[in-house]
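Only one chain is given next, in structure tokens, and it is the form predicted alone.
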């Protein structure tokens, strides 16, 4: 089978010639998924040259339609060879897949987000500004609430690499609208989770953490009806409030990407703040990070986990840039003022002198995001729906000479952000 694609007005037309059977169904599905990744959500299949259509081929068409509808896109077949029309008619799928008379190729179709509700009182004032970053990434700025800001609650019951003392653990509620990151675990009490403490990330009622007891996948909790997720944590940064802006970003040139520090700088410019927080859903170009290999709760007085080579027993570093083309949920807190109260909970970003940050990310199988203005709660819920987290990392900037991996970078995504208005420390 031969597959070709072309842009026709506001649509992406995929032309297929030959046999769409079990041998080619996955190729067609993968081709369309790649086009959706690139932002093409209005797709038409030109089946005028299709010679054969099997049940496996029909299944791939239904998957394409379902996945495009999930991002407020559309899919249809036009034109179609007579036998294709008859096959779909006999399968009871004619109305689902075949589209009638096509509108002119240059007719404007509304963008998926044109009528989207931003979920704020100022949604009618939403505007978009398009420009190119130094990394050739296009940013769209949407105002959600000009007065939006977040307050941050910081808990530092444990300092690396000391022993975890009694009373260092705190119950941290992580239900909506809170978001945050830190080190903790789910369990009955501090003693129950002592051997499983690991990095966590939380946003929009979804919480993921990586137990440090040998687990190779993160565990997770999702808010549902009366169930409100919480963790026992020895460290945490938790934000709560209203996001002021939504930034959408996508490549403006081939192979372009936005680095994590690029994103920090863009948010600080957009919010006009010296300290800010973000929650981001994005397609990954490459992640650089580390995770706890052993629980800090297991540190004994004779251990020296912060010193090399023993450090390698307690921390697991990625040996290469990882999780290309997966989806990631990132939560980050950052500032450019070393005297800010938040600075004590952050680390320097070597690639951007003067910038300090703390970021965690949970990795999931890729799912495309609808275009336009998105609701954070609904977007995160969709990403976690029937989707098992693959990994969880504390993101780092690896600036080692010659062998350093650099920093995490993303291809396209959506970033909810706001200035930090206030910070409260909790002592135990």
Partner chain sequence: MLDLRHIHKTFFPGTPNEVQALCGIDLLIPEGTFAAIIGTNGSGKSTLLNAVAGAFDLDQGAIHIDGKNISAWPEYRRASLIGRVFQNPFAGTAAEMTLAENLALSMRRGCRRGLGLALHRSARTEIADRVRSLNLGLENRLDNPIGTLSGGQRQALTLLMATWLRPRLLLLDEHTAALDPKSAAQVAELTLTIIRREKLTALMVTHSMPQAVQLPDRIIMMHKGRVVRQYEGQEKSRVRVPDLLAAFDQVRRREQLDPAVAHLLHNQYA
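Positions refer to the first chain, counted from 1. On a predicted model such as this, the values are computed, not experimentally measured, just so you know.
Separately, the form predicted in complex with the partner chain exists; it is not shown, and the next lines address it.
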Exercise for the section: Would you kindly say which of 324, 188, 89, 312 lies with a heavy atom within 4.5 Å of the partner chain in the predicted complex? Expected result: 312
Practice task
With the partner chain left out of view, choose which of 377, 51, 398, 67 has a non-hydrogen atom within 4.5 angstroms of it in the predicted complex.
Solution key: 398
Exercise for the section: Using a 4.5 Å heavy atom cut-off, state whether residue 394 contacts the partner chain in the predicted complex. Expected result: yes
Handout entry: 4.5 Å heavy atom contact, residue 244 to the partner chain in the predicted complex
Key = no
Handout entry: Contact label in the predicted complex: residue 183 to the partner chain, heavy atom within 4.5 Å
Key = yes
Practice task
Would you check, heavy atoms only and a 4.5 Å threshold, whether residue 308 touches the partner chain in the predicted complex?
Solution key: yes
Fill in the blank from the handout: Testing 299 to 307, 141 to 149, 163 to 171, 67 to 75 against the partner chain in the predicted complex with a 4.5 Å heavy atom criterion leaves exactly one stretch, namely 299 to 307
Practice task
Decide if the three candidate residues 367, 384 and 414 all line the partner chain in the predicted complex, where lining means a heavy atom within 4.5 Å.
Solution key: no
Completion exercise
Taking the partner chain in the predicted complex and a 4.5 Å non-hydrogen atom cutoff, the residues of 338 to 356 making contact are 346, 347, 348, 350
